[in-house]
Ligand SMILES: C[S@@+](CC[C@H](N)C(=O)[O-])C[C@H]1O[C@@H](n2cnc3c(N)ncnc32)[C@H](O)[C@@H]1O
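In the block that follows, a single chain appears as structure tokens, in the form predicted on its own.
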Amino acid sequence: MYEFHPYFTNDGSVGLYSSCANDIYHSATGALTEAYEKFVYPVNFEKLLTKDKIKILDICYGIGYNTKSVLNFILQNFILQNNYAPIYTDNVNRVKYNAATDTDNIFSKISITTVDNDKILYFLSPFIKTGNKNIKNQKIDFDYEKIYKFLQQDQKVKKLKINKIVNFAILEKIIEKSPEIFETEQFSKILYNKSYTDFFSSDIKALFKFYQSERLNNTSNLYKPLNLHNIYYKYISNRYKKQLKTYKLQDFNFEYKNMDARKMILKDSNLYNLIFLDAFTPTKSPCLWSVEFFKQLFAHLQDDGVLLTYSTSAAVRGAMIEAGFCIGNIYNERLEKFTGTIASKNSNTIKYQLSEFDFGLLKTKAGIPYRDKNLNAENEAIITARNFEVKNSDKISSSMYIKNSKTL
């Protein structure tokens, strides 16, 4: 039986709990906040948007926060804001590109490839609610002390919200590329389960129901994509009529790969400007944190591109360096500390370099990476092999290294 365990994080966005791993997928502080702080804010979008083509790889799409945050950030900061910064598309002639008026050149040049092995979450992604204010009295259908600890704290986290237009656009892409959404029973059971009503947007559900009725009435061509643009214009709201004509968010290209990311990357021929690595914790899912996987990501990254991840694990960073990456820290302004890792082929793209202490830690046993020679090993085998390497290593332990560093 498929398990779906949602809860509201402190920024009003939905987080998920995994009973198999007895762990959370998202920060209880704020699922959407985490996406912004680790996969959006570190990116220089003013520079990125000058490119003719922008390719993004979102590994472990889940319920889509990273992809939606990027689209939402561009929409809010380069389309809807009056005080936008000018974008230059021609570095020689310095021809100004006005992101607020010439929108065809923004979303139409963005291609996002996502990969995940959970298609139910993929189908649910555009329905997920953000900006919810009633999180204090929520009922959680599982027992996990870490979540309660975070939710009981009075954390001053800004309530972020994904513009509905972003979710409408993604829903259209899903229906266009995966019309089997209409026949997926597990997805329907969750979407229409009254226990989960608070976690899904009523507007997006209303539109999907309209899609379903239109599809039933169109029995001659069940899998023909419907025109979301016209349906929304006529059926949902008058609020965005002008905006829909103006910024054409739906022009972005969106591909979803329902498969093991290791297999996907071996078949892929794209070079990406941004790679988001948001896989489950390395200690439980090391298959996407190995030296060999990072070598593939290195080969699929543009020379001036960056890879972003929430992980600061010494084993992960050790694997990145062995794969050829230059690495640095992601600085979190809200928390005033480093909370992630940025990797690139070019050290000049790294704003916050690792400290001497950080590099020293990578030379300890903690920095011994996970290995997956043929990119097909089971997680348990990868963990066992690393444990054996750590046990038989002559390297100093991380605890001893830290203790010695304090005495210097």
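Since this is a predicted model, take the numbers as computed values, not measurements. A residue's number is simply how far along the shown sequence it sits, counting from 1.
Below: the form predicted in complex with this ligand, not depicted.
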Would you check, heavy atoms only and a 4.5 Å threshold, whether Tyr370 touches this ligand in the predicted complex? no
Please tell me whether any heavy atom belonging to Phe280 falls inside 4.5 Å of a heavy atom of this ligand, as the geometry stands in the predicted complex. yes
Partner contact for Glu176 in the predicted complex: this ligand, 4.5 angstroms, heavy atom: no
Mark Asp116 yes when one of its heavy atoms lies within 4.5 Å of a heavy atom of this ligand in the predicted complex, and no otherwise. yes
Of the residues Ala315, Ile275, Val166, Ala261, which one places a heavy atom within 4.5 Å of this ligand in the predicted complex? Ala261
Only one of 342-350, 356-364, 25-33, 48-56 has heavy atoms within 4.5 Å of this ligand in the predicted complex; I'd like to know which. 25-33
Sequence order please: the residues of 45-75 with a heavy atom within 4.5 Å of this ligand in the predicted complex. Cys60, Tyr61, Gly62, Ile63, Gly64, Tyr65, Asn66
